[in-house]
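Listed next as structure tokens is one chain, alone, in the form predicted on its own.
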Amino acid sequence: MDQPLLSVRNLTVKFGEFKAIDGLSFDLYPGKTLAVVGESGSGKSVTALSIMRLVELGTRAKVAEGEVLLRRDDGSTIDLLKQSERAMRSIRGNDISMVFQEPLTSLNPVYTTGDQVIETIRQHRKTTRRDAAKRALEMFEKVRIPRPDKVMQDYPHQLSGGMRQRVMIAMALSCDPRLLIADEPTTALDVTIQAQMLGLMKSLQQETGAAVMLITHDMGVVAEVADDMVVMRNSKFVESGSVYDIFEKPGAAYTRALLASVPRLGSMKGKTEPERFDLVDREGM
């Protein structure tokens, strides 16, 4: 089997005395999609921000323990937690990129979408503005944005949520990262646009060969696009494995509760009102 592209070992993150992540470990392999799942507040987004070394910026957060090992092209590994901020600025975008949950708050409102992607490319590649603009247009076309030359002149508020998310994906993939972290990328989108976005990410992954770490609470999304999954609850690791194995035979009571909470078509047939959902005994988790 291939060596992991990313190995997280005993990651512990604290906000003051509160442990937002408590001893988390997992591996992500090249070309695979790993879903990190759990309810709100379980520590999924903090995990992603810790890998990117963004959780410490402007907060009281501190990575108290652990390793985040990234395998380089030459086969060597580096611990992201030991890199300087200058080194991380080079790694972000080049090796690891992130698509955030809400693109409207991630994009700068006073610059056009094209200018923002061009700036990202020029930050990481020694290139002229003209060549960067050509690359940006190419990426807008790759993420299936209609009339990409016009959209490059638009400001974020002029675009729909789905279009803004496509811009974020174009920006994240513009420098060919080996790992894409997507934090709830379909949460604010309607169902049909969600399906389009998931299909887009899957096809782009096949084209580029990038590994994807998908942060989500939606088990339907996990079943659609992920190869492997890690289940988290209350900042802690619950279980991990292939999506097929966990969906077929979940080992933890909490995972079974997550799967049982997914609405199923036809489940209300013959009933006049929803049935009460029995919460799993907390001690049994």
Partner chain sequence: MLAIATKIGESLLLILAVLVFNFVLVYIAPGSVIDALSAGSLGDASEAQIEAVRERLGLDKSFFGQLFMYLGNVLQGDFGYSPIGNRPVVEMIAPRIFPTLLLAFSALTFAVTIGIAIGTAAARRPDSFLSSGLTVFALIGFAMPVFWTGILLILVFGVWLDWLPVAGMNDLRMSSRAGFFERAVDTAEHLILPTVSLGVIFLATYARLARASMMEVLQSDYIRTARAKGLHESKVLFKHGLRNGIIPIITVLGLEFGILLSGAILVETVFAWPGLGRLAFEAVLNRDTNVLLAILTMVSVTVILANLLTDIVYRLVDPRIRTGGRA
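Values in this document were obtained by computation on a predicted structure and should not be read as measured data. Residue numbers count along the first chain shown, from 1.
Note that the form predicted together with the partner chain isn't included here; everything after this is about it.
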Have a look at 152-160, 67-75, 131-139, 208-216 and name the one stretch with heavy atoms inside 4.5 Å of the partner chain in the predicted complex. 152-160
Given that the partner is absent here, does residue 178 sit within 4.5 Å of the partner chain in the predicted complex, heavy atoms only? no
Is the gap between residue 52 and the partner chain in the predicted complex 4.5 Å or less for some heavy atom pair? yes
In the predicted complex, residue 249 touching the partner chain (heavy atom, 4.5 Å): no
Proximity of residue 89 to the partner chain in the predicted complex, heavy atoms at 4.5 Å: yes
Output flag, 31, 62 and 83 jointly within 4.5 Å of the partner chain in the predicted complex, heavy atom basis: no
Taking the partner chain in the predicted complex and a 4.5 Å non-hydrogen atom cutoff, the residues of 133-150 making contact are none
